[in-house]
Ligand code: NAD
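Okay, here we've got a single chain as structure tokens, the form predicted alone, with questions on binding and movement later.
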Amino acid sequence: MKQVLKPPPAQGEWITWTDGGRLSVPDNPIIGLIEGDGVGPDIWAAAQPVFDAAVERASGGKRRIHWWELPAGEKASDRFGRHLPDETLDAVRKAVVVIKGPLTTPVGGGHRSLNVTLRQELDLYACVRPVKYVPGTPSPVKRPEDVDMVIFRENTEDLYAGIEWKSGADEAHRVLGFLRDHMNIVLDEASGLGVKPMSPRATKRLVRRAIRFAMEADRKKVTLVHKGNIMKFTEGAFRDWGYELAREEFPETVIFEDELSSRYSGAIPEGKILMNDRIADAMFQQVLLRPKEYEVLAMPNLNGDYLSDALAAQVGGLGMAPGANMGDACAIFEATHGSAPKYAGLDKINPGSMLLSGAMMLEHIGWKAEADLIVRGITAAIQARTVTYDLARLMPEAREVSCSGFGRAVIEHLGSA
């Protein structure tokens, strides 16, 4: 039987949790790496030297990450016959912090989404997506610099729970029969069906995390985004449970929109956080027309997927969008775009999403100076108009470079960052 995992790096030490629920990070941590499918190897080859250079420069050589490659996706399937070996899940739990490239998800058939499986198996219940403009990046909107939001998207429920039955399948007919015979709901017999579960527990832990982040990051507003006017007992309940959590656990910190004018003259008092809510479809307009009014967004799974990508477009696209899937035991930081197989091996794709996700990861483990170096290096490279093809075609007189070439440009600019 083939050995699935490489041994962890002998020179590294494990990241652990303290009794107080905080990360304990050594100077030589072992961090897991899932390279990913398609362009995953390309963007990792460009990003790893940037991470290593930023850590060495910021720490004066006192710190070093020891990368531990973990198999998942097409490479794992080819070698071991499984897209996501159990050993990989155990290794993510052991490593606590992991960074990964994109994993291919078949459309319509094939294996289940590995991203969804990772989130559910590891209980990574919060997809956290900071969206902030990197100066110099071409954008389709007039004032992309007005966008500075962090999305907290519930990761384990909603339609992404994957509870569905194909049109014509026996299971679909059984569910249709139950709805008809016991609930007096008559649907087309050829319907495919899906279930949209939402629970108080999952909603409240997501909203709790969003509020705690706002408190720690000195953000003043948390907005619940939902479609509760139509789906009253799922999305509407998400809204109600979010407010309930705020009143139960943060009564001294959170205030609400209905009391902002009556009690506080329309201004958020120092040390307080305003919680409000918006209907999802209206929110798409709000983030375009009035982005400065929103700071932290908490929302169900599907809404969060749509809105985080739409916000990413406002600041330059998914190639410039970091993200993480986080739980109470471990976190996976990832490039937020797809595997783009037609570009695989061409050294062409923009590695910005992976680079920014790595910066987000470094900040998560408390290495903020290292994270800041990467962000400033990316900014300087873009402002020097040294960019990959996706940005170059939108920037007059840009110097187009390869995926690895952009990584080298970022490293060159670390010195001046």
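Since the structure is predicted, the reported quantities are computational estimates derived from the model, not experimental observations. Note that residue numbering begins at 1 and tracks the sequence as displayed.
Not on display, but discussed next: the form predicted in complex with nicotinamide-adenine-dinucleotide (NAD).
Contact check for Arg212, Val225 and Phe256: none of the three has a heavy atom within 4.5 Å of nicotinamide-adenine-dinucleotide (NAD) in the predicted complex.
Of the candidate stretches 81 to 89, 330 to 338, 155 to 163, 261 to 269, only 330 to 338 has residues with heavy atoms within 4.5 Å of nicotinamide-adenine-dinucleotide (NAD) in the predicted complex. Contact check for Lys342: a heavy atom falls within 4.5 Å of nicotinamide-adenine-dinucleotide (NAD) in the predicted complex. Using a 4.5 Å cutoff between non-hydrogen atoms, Gln314 does not count as a contact of nicotinamide-adenine-dinucleotide (NAD) in the predicted complex. Interface membership of Met149, defined by any non-hydrogen atom within 4.5 Å of nicotinamide-adenine-dinucleotide (NAD) in the predicted complex, is ruled out. Contact check for Pro102: a non-hydrogen atom falls within 4.5 Å of nicotinamide-adenine-dinucleotide (NAD) in the predicted complex.
Checking Val50, Val387, Met361, Ile349 against nicotinamide-adenine-dinucleotide (NAD) in the predicted complex, a heavy atom within 4.5 Å turns up for just one residue: Ile349. This chain appears without its partner; in the predicted complex, the one residue of Asn301, Ser139, Asn115, Thr234 with a heavy atom within 4.5 Å of nicotinamide-adenine-dinucleotide (NAD) is Asn115.
Heavy atoms closer than or equal to 4.5 Å to nicotinamide-adenine-dinucleotide (NAD) in the predicted complex belong, across 14 to 49, to no residue whatsoever.
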